[in-house]
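Given as structure tokens, the chain that follows is alone and in the form predicted alone.
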């Protein structure tokens, strides 16, 4: 995009509520995935004309990039809140994370599972940049979790032989599996049982 075009777009008021449009787009991409969602689908879901969507986001990929940021600023913030809570022990933080994953992934008001995994389903090689955007967000979330585990290890909350990076990947793998299970119809109680089983293997300090 040229600088002149960027300035023109920045100065042009949008005729729609951006957050409301992005919230609708989040749910559509979440339910169908990136590849299976067309601009016609997005127009029908958001009620915004294609020309307005193109003017605001350039193309479907640009809209999806904005959708990822919207999801990260809303659903992801809620999901990872326990990890960022200094009042919780490391165990309590991970327990809260898994419990929120169970409830969020099975929430009736939103598509099942986790958007960061579901939206990446069947992404073609031609859309590699989209997969990179999603992967970067997933890696950042895992890094946040590992950092919390490293602090817990430094504070003596984990068994001495625990590798926080491996533990973080284990927890992340459990959450990814919970997302798949939710997409396949698992109930919140079933997801909570998976979380409990994972926590039963917690490497507590002796």
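Given the structure is predicted, the values throughout are model-derived calculations rather than measurements. Residue numbers count along the first chain shown, from 1.
A second form of this protein, the form predicted together with a further copy of the same chain, is not displayed here; the remarks below concern that form.
When contacts are judged by a 4.5 Å heavy atom cut-off, residue 170 counts as touching a further copy of the same chain in the model of the complex.
Mapping the unseen interface onto this chain, residue 32 counts among the residues with a heavy atom inside 4.5 Å of a further copy of the same chain in the model of the complex. In the model of the complex, a further copy of the same chain lies farther than 4.5 Å from every heavy atom of residue 72.
Within 4.5 Å of some heavy atom of a further copy of the same chain in the model of the complex lies at least one heavy atom of residue 138. Put simply, of 42, 158, 174, 68 only one has a heavy atom within 4.5 Å of a further copy of the same chain in the model of the complex, and it is 174. The single contact residue among 131, 107, 92, 99, judged by any heavy atom lying within 4.5 Å of a further copy of the same chain in the model of the complex, is 131. Of the candidate stretches 47-55, 177-185, 60-68, 150-158, only 177-185 contains residues with a heavy atom within 4.5 Å of a further copy of the same chain in the model of the complex. Of all the residues from 77-116, none has a non-hydrogen atom no more than 4.5 Å from a further copy of the same chain in the model of the complex.
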